[in-house]
Ligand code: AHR
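Let's start with one chain on its own, the form predicted on its own, as C-alpha cells.
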Amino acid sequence: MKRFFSILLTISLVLGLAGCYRTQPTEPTEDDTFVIGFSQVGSESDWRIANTKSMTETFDGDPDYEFIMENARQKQENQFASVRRFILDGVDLIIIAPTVEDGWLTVLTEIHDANIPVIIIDRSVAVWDENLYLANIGSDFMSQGQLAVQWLEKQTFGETETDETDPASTDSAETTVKILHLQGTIGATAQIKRTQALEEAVESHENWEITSQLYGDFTEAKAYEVMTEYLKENTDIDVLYSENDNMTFGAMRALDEAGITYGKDGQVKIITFDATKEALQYCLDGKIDLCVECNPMFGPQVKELIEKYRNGETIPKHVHVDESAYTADDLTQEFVDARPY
C-alpha cells in the first residue's frame, strides 16, 4: 500500500512540474483582499531603504491589498524561509528582491507548484525556465556600467586623437589610468553587470588598469574597512569605480583619513552608482565626479503590473526603469533638494 501511494505521489509531482506557469490570477480571499508577500534583501543601503519605502507606501492604505514584507538581512537562506512561509500562508502573489542570482531554482519551483505567481524586482535570478516567474522589473545594470565607462573615456586621453607635434599630448595618451574597483555583494545582478561593464572596457583600453578589486558588500562600513587597509600600502589611484553610494561614502572617509584628495581638481576621480540625494549633493559640491542613477522608486510600476495581471492582461517579462547619469554640470541645488531618496 505504501508503494502504491509513493507511485501516486511521484506521478503527481511529475505532472505538476510538467505544467505551464499559471496565466490566470488566483482566486481572491473571502474579503476580496489580494495578499502579497514581499521578501526584501535587507536594509543595507540608502537605496534599499528608499526601495522598501516605495514598495510599502504603494500598497499601504489600499483596501484591495494586504502587503506583508519580510527583511532577509542580506541572507539568501532567510529569503528561502520567508518565501516558504508565504506559500504556507497561501498568499496570492510573491515578490522577491533576490540577494544573489544563483540558487533560486528549487524555491521558485516550489512556488510554481503552489500555483502562486512571482514577480522578481531590482535584481535577477539565474534559472533556465523563465516561466517560473511572472515578470522581472528593475534596472538595466549593464547600461549603468556602460554609462560610467563612456564618461570615463571622455575624461582620459586614451580615446582622443593626439597631436604628433605635441610631445605632451602623446605622453598623456600613453599614461596608465589606474582604477580601484569597489565591488558590491558578489553574485548580485548589480555587481555582476557593473563589474562586467568595467572589465570589458579595461580590456579594450590598453592604458586602463584595474589595480585591485575590493569587496565592499554594498555597505558603508565594509567599504571603509577595506579601503582603509588598502590605502595603508597603495595610494596610487586615478579612479575609484564604486558600485554603490554607501560604499563610496565609506571610501571617501578612508581617503580623507589617508590625506588623498578626490573629486574636482583632486587626485582621484570618483564614479558611484545609485545617485541618492546625499551622493548628488557631494557631486554638486565637486566631491564626486559622476553619479550613475539606479532608481529605487518603482513600487507604482510593480503595482501596475500586478493590476494588469489580475485583469488578465498580458504583461512584459522584463521591465527596465528609466535612469540617467549626473555630473556637477547637470545638477542644481533645487534638483538635489527635490530628490525623494
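We number the residues from 1 along the sequence you see. As the structure is a computational prediction, the values presented were derived from the model and not from experiment.
Same protein, other form: the form predicted together with the named molecule, not shown, and the subject of what follows.
The named molecule in the predicted complex comes within 4.5 Å of a heavy atom belonging to Trp47. Looking at Cys294, you'd find a heavy atom of it within 4.5 angstroms of the named molecule in the predicted complex.
Contact annotation for Ala190: at least one heavy atom lies within 4.5 Å of the named molecule in the predicted complex. The named molecule is not shown here, and in the predicted complex it never comes within 4.5 Å of any heavy atom of Phe86. Proximity of Phe141, Arg194 and Glu243 to the named molecule in the predicted complex is complete: all three residues have a non-hydrogen atom within 4.5 angstroms. A single residue from the set Lys222, His112, Arg123, Lys269 has any heavy atom within 4.5 angstroms of the named molecule in the predicted complex; that residue is Arg123. Picking from 301-309, 38-46, 280-288, 62-70 the stretch near the named molecule in the predicted complex, with a 4.5 Å limit on heavy atoms, gives 38-46. In the predicted complex, Phe218 is the single residue of 198-224 with at least one heavy atom within 4.5 Å of the named molecule.
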